[in-house]
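Below, in structure tokens: the form predicted on its own, a single chain.
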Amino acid sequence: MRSKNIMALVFANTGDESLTELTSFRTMGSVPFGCRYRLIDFMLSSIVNAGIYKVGVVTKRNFQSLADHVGNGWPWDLARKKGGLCILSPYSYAEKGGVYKGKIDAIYGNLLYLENSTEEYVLITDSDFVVNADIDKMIERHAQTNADITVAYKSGIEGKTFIELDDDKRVSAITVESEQPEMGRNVIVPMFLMRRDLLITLVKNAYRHNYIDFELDILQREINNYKIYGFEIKGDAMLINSIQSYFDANMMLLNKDFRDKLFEPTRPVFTKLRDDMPTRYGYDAKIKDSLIADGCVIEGEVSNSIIFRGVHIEKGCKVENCILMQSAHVGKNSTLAYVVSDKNVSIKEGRTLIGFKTFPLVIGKGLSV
């Protein structure tokens, strides 16, 4: 199987409802991460690192920020005359109208995009995972097992959708838990590889029965009719399904070993570049165990924090265990701990804002506190 014979569908809004504090004005895929990235960067980069250069990004709502970020796909080498990146419609099929209700509805609404494509295989992914996936190995596994569908999974991480495997790594069961996420089982990493014609057939059949859930209404129902195999993701993978998981994933970047594994040099993570001046540090500034982007002005104390581009922290401030997104401003003599501030937040002079490690305090986009 050749990588160039594969296209990809990336769902940008999956999981929006689990991170409403940050997705009220944007998609899950465009949620900022790690000083300079957006969540969708990791899947787009994994895709192009495998030599896949036709990518349809399926949107739903609040996708202006996403469209601005991905543009024509140039940072990922997806600005091409043939193939390349395409922003797909958020609307379901004309008979139903309105925004799609699930993946099946969304794919059916964009069947023309699939039917007019020439690639033999389709890779379907979400954007709510932080992972640097070796998709080349997934492709090899799909060919070796002669699978109809290959499902990526990771054991020992938090999740709600699980698979059980037999001795040959063939999927024997798929379950979805409606309660709190669990640890220690084989969690589905939302990456599915199959033939394009098979996907079209399965989606058309499911649509006729008013099914909407891809994992349950296609994979689970067809588990005995098709050869569905698992592919284990090596390295680190984190599902972003809550503010807590978002906070923890960002804080993991302060661990050098984790950074080295996530930003594997042979599989670089690309993003849209925004040039800015170097960060300026005041005479009394103190920095410890933090990641700080360019364009900042740091005059106070910062420790164990993720500081995005253009943040200004004034004199006398103490910022600890925080995530401050682009252009946040922290007034003099303020104290922040376990705070997640969205873009363009203004914190007035002398404020004390304290969250908890297990319950970070979130400040919405553009708010003044």
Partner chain sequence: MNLKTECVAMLLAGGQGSRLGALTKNVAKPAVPYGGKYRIIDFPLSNCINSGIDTVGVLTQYQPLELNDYIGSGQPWDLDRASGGVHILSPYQQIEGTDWFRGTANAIYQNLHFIERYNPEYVLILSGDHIYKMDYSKMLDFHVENNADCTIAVLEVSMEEATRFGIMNTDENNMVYEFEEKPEHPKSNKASMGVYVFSWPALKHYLIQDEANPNSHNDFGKDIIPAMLNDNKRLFAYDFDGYWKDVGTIDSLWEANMDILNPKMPLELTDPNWKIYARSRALPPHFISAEATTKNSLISDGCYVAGNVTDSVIFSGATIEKGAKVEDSVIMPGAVIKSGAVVSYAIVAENAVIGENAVVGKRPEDCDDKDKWGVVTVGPEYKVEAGAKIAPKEMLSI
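None of the values given here were measured: they were computed from a predicted structure. Residue numbers count along the first chain shown, from 1.
Here the subject shifts to the form predicted in complex with its partner chain, a form of this protein not shown in this document.
In summary, among the residues 211, 162, 258, 270, the only one with a non-hydrogen atom within 4.5 Å of its partner chain in the model of the complex is 270. Only one of 291, 86, 223, 216 comes within 4.5 Å of its partner chain in the model of the complex through a heavy atom, and that residue is 291. Looking at its partner chain in the model of the complex, residues 56, 189 and 197 place no heavy atom within 4.5 Å of it. Segments offered: 145-153, 122-130, 274-282, 164-172. Contacting its partner chain in the model of the complex at heavy atom distances within 4.5 Å is 274-282.
Using a 4.5 angstroms threshold between heavy atoms, residue 318 stays clear of its partner chain in the model of the complex. Using a 4.5 angstroms limit between non-hydrogen atoms, residue 34 touches its partner chain in the model of the complex. Taking the partner from elsewhere, residue 113 is found to have every heavy atom lying beyond 4.5 Å of its partner chain in the model of the complex. Within 4.5 Å of any heavy atom of its partner chain in the model of the complex lies no heavy atom of residue 249.
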